[in-house]
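Just one chain is shown here, as structure tokens, and it is the form predicted on its own.
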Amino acid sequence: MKKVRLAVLGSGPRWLSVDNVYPQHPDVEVVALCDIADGAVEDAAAHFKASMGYEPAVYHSYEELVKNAVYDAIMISVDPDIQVEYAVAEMDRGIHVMTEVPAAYTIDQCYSLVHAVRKNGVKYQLAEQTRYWYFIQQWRAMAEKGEFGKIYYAEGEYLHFEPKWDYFRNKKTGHRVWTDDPSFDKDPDYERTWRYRTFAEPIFYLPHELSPLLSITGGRVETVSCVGTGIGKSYMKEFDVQDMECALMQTDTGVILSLRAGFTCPYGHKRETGAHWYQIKGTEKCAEWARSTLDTPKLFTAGEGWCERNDWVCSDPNAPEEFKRALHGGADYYPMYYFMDAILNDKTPPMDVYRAVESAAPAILAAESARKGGVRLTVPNFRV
């Protein structure tokens, strides 16, 4: 069988975290790497050759890539707030596309992605990986069997504190600076990165919570309201960010979702999932992930009360080795696996364009709600 020729637009940290995993797929041949930062693509190519034994062609601009490279599919891992433009352009060229989280930053971008897929008939997938954690798969199977009874509530959080984030980028070289020094904001050679812009409204970064939870509860978010701690009131006073935003959402099936995100205030990790935490409440059973590194996941049933579930883990113990080697508890291999399966077997990937925008649009409108003092907003139905 002919291998799928894959190009990579954006060969920075995200690509480097999967460049020894994605190419292990037997049907993938990475033929091109592209990045605008000085030396970044050469470094990525050298790193790739050391692990895979061959070196893809390198390009320093998107225009150069499109003009010279021949490929069937592309992984886009540029700044997520600008990735939709590239994704649509590639789909218009008949190229299959995988982008990173979040899928979009505006409702118009959501519609652009949907229209591009409908128009061109290509495969699109969002590379959201937490939906593939083994315990999420187990909860999803429980929901499909009706074990939770009627699910009426789900909760998730992404509270990921780091003392230094890549807030700034050198305009000339493209290199990012991981820093807690606000003086870069006054340096004309530097500009704020997408991460700085996102952390001003951290609720944008909710797909890692919405994707797995909606895969369990079913339905789509219909309404949303949100409040935040406020810009200028942050733990990191030197930066225009918010410590946390919290959203209340309701699906078209009546499930209430409570979701929060924050990246700039100290908070401890949970067992295995790091900054992520989830809970499902049903009329028959309730499931809760470990709240810290000191406890374990738990299941509640009306007849038996609470019990520990040590069999709920991130990495599937029965998965092939290529899955287990991946980061994020083995979840990072799944997006490439399903992307290739969709292309080669003409299937709809689990995180298709509709599920992608249904994980992005509620967060986009949550940010708008917070700006307006918590008003309740209606999420469009992109499937009509």
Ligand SMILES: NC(=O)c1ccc[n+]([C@@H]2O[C@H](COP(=O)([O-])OP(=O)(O)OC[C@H]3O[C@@H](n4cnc5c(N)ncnc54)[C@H](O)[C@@H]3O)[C@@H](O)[C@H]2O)c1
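Sequential numbering from 1, following the sequence displayed. The model shown is predicted, which means the values in this text are computed figures rather than measured ones.
Beyond the structure shown, there is the form predicted in complex with the named molecule, which is absent from this document and is the topic of what follows.
S.K.: The named molecule isn't shown here, but in the model of the complex which of 251, 242, 77, 211 has a heavy atom within 4.5 Å of it?
M.R.: Of the listed residues, the single hit is 77.
S.K.: Could you tell me which one of 82, 141, 256, 231 places a heavy atom within 4.5 Å of the named molecule in the model of the complex?
M.R.: Contact residue from the list: 82.
S.K.: Whether residue 9 contacts the named molecule in the model of the complex should be assessed with a 4.5 Å heavy atom distance threshold; does it?
M.R.: Looking in the model of the complex, residue contacts with the named molecule include residue 9, since a heavy atom lies within 4.5 Å.
S.K.: Under a 4.5 Å heavy atom criterion, is residue 290 part of the interface with the named molecule in the model of the complex?
M.R.: No.
S.K.: Is the gap between residue 34 and the named molecule in the model of the complex 4.5 Å or less for some heavy atom pair?
M.R.: It does: once the named molecule is placed as it appears in the model of the complex, residue 34 has a heavy atom within 4.5 Å of it.
S.K.: Taking the named molecule as it sits in the model of the complex, is residue 114 in contact with it (heavy atom to heavy atom, 4.5 Å or less)?
M.R.: Flag for residue 114 set to no.
S.K.: Can you pick the stretch from 306-314, 82-90, 242-250, 277-285 whose heavy atoms fall within 4.5 Å of the named molecule in the model of the complex?
M.R.: Residues of 82-90 come within 4.5 Å of the partner.
S.K.: Among 101, 127 and 205, does every residue place a heavy atom within 4.5 Å of the named molecule in the model of the complex?
M.R.: Yes, all three are in contact.
S.K.: Let me know which residues along 260-281 have a heavy atom within 4.5 Å of the named molecule in the model of the complex, or say none if there are none.
M.R.: Stretch hits: zero.
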